[in-house]
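What follows is one chain in structure tokens, specifically the form predicted on its own.
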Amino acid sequence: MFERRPKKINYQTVLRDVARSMVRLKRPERLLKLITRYIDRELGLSHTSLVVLEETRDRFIFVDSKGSRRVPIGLIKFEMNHPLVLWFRAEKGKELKCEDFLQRSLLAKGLANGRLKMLVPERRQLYEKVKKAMDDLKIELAIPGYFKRTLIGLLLLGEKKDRKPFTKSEISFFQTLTQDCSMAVKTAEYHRSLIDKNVELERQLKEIHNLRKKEQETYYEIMRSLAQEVHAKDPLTYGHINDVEYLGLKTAEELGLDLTGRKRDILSAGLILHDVGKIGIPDQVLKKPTGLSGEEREIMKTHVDKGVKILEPLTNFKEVIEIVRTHHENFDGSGYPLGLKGDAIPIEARIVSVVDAFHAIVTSRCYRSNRSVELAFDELKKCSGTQFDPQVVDALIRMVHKEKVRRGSGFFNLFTPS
């Protein structure tokens, strides 16, 4: 008379708590283990086990098992041809009226009283195999969990320690619990799949970025070679772009511009590639030893647009394209092709304009011999404020004087042919 009465359970409260846990827990394995422990502790069964679909290996595995007759979860797996899996994946046994669960006592009763003798042999064999599997694992009640008609898991329950049958409310509770667990497992799988896909997408985007970067670098080197080729046509201007690049970077430093990282690369590329469009100018115009006619000057002006089109694939160097587009704009707005004025012209383009003109004056060309550095200074000062930015002109002159002091008179030999 002192036997302990079974604890009365508020199933709605339990289900509500499980739902809350599903939201909090990122790993469904923890939730499933909490559920098996709860059932084992509160309902007093011989064992409680949860089996979940492992899609990557096309089988079902035990995630947890509790109780005196618990299953050794590391040793037992349910392949897709396991009787219990076939039972719930196939059309349910309507003869036993247990479409949403399977109870061993009902199955045994059906086999014993001959109700199933009318079934085809293959179907009867399945019933017998299911009964044997439940006997072997001491399973009294099996509850399936589905997600969109796909069997996701099974809740396998041993008999009650008091040998009483499961009530309808208990079975209903287990069904709801199992279905909620299936939803949690599938949601977690989708979440992990999404994370994996995002990681893979990031990897692919990085790979594309690296390939694109390599492509851009290769294209840039080709453009540099084309720029060299423009001046290689005339031995007197060979090496022009290297000198212009050097002078432009030193002038920018004298101006106090920030040349760290990408900013230096942009200016350097602009200095190297500013005349790349001349590759499309006919030699009879490009190398003409006398002054150009009006028509020839218009042809020469097209090298700006040609350069812009050549460089359009350099999407990572849009600023370089703008330097090429504007390096013939004049400070007073009289230049081409846009008629920009003052600070509307990129500072890099203003630097290109000054150092390109300086280098053209102090080096020999097909139409004249080189002139002195001092004469070049006079020419730049004369056009300061009209063609050239005065601050850039002053900075170049200061820089050249400093370089002369630092490197000696040999610095000027840099601009004369050997």
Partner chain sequence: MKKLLVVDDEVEICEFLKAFFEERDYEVLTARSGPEALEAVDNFQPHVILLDIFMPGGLDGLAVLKRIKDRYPNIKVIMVTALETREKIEEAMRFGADNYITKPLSLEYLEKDVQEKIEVLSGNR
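Small disclaimer: the values here were computed from a predicted structure and weren't measured. Positions refer to the first chain, counted from 1. The term rigid core refers to the maximal set of C-alpha atoms that superpose within 1.5 Å between the two forms.
Only in words, not in the display: the form predicted in complex with the partner chain, which the text now covers.
Original post:
Of Lys288, Lys206, Lys77, Lys341, which one comes within 4.5 Å of the partner chain in the model of the complex, counting heavy atoms only?
Top reply: Of the listed residues, the single hit is Lys77.
Original post:
Which of Lys109, Lys132, Arg124, Arg264 has a heavy atom within 4.5 Å of the partner chain in the model of the complex?
Top reply: Filtering the options by heavy-atom distance leaves Lys132.
Subject >> the partner chain contact in the model of the complex: Val52, any heavy atom under 4.5 Å >> reply: The answer is no: Val52 has no heavy atom within 4.5 Å of the partner chain.
Original post:
Heavy atom to heavy atom, is Arg69 within 4.5 Å of the partner chain in the model of the complex?
Top reply: Yes.
Original post:
Does the partner chain come within 4.5 Å of any heavy atom of Asp136 in the model of the complex?
Top reply: Residue-level check for Asp136: yes, a contact with the partner chain.
Subject >> the partner chain contact in the model of the complex: Leu31, any heavy atom under 4.5 Å >> reply: Flag for Leu31 set to no.
Subject >> Segment assignment from 53-61, 386-394, 32-40, 347-355: heavy atom within 4.5 Å of the partner chain in the model of the complex >> reply: It is the stretch 53-61.
**OP:** Would you say whether Phe62 is displaced between the shown form and the other one, judging by a C-alpha shift of 2 Å or more on the superposed rigid core?
**Re:** Comparing the forms between the shown form and the other one, which are aligned on their rigid core, Phe62 does shift its C-alpha by 2 Å or more.
Original post:
Taking the rigid core as the reference frame, is the Cα of Glu128 displaced by 2 Å or more between the shown form and the other one?
Top reply: Moves: yes, 2 Å or greater.
Subject >> Leu247: Cα shift of 2 Å or greater between the shown form and the other one (core-aligned) >> reply: No; Leu247 is a residue whose C-alpha shifts by less than 2 Å between the shown form and the other one when the cores are overlaid.
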